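Let's start with one chain on its own, the form predicted on its own, as structure tokens.
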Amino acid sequence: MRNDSRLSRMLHVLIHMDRHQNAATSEMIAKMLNTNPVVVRRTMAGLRDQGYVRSEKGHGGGWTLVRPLSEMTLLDVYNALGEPHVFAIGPADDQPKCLVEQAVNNALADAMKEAEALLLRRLGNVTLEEIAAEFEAKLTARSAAAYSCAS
């Protein structure tokens, strides 16, 4: 099963947007993420609807941040993306009357519910500003000329 990388990708985009003065077009973001601009617009729409970014049409338009990174948590972005599934694993339903399957599913459901709650709490405690600060520290330790996300 493929990983859902939308959260990671949008965090990447938002931090880049914070570092640049100009609006980022869907085409620019798509090129950075190696995807289609339509996918970018669809994904960014959730962030726009939650008030984290705005879009301007026309010449000089594009996506800009509405809030500072210090006011956005990983959980905020996760929620704006529609709360994608956290785990790829889940219960079986091949034999719903089987008592073993029921016991296994109950144990898995309890463990996954607890793990998801822990993960979501952690996401709520990390701001995008903290991630950007880690990037800045790494960039300072490395030559700026060597920095690039482009291939």
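Residue indices: 1-based, along the sequence shown. What we label the rigid core is the largest C-alpha set whose atoms superpose within 1.5 Å from one form to the other. Computed from a predicted model, the values in this text were never measured in an experiment.
The form predicted together with another copy of the chain exists for this protein as well; it is not shown, and the discussion that follows is about that form.
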(message) Quick check for you: of 43-51, 23-31, 60-68, 101-109, which stretch puts a non-hydrogen atom within 4.5 Å of another copy of the chain in the predicted bound form?
(response) 101-109
(message) Residue-level contact is defined here as any heavy atom of the residue lying within 4.5 Å of another copy of the chain in the predicted bound form; does V38 satisfy this criterion?
(response) no
(message) Although the partner isn't part of this model, could you tell me whether G90 comes within 4.5 Å of another copy of the chain in the predicted bound form, counting any heavy atom of the residue?
(response) yes
(message) Taking another copy of the chain as it sits in the predicted bound form, is E114 in contact with it (heavy atom to heavy atom, 4.5 Å or less)?
(response) yes
(message) Aligned on the rigid core, do the two forms place the Cα of S70 2 Å or more apart, comparing between this form and the one not shown?
(response) no
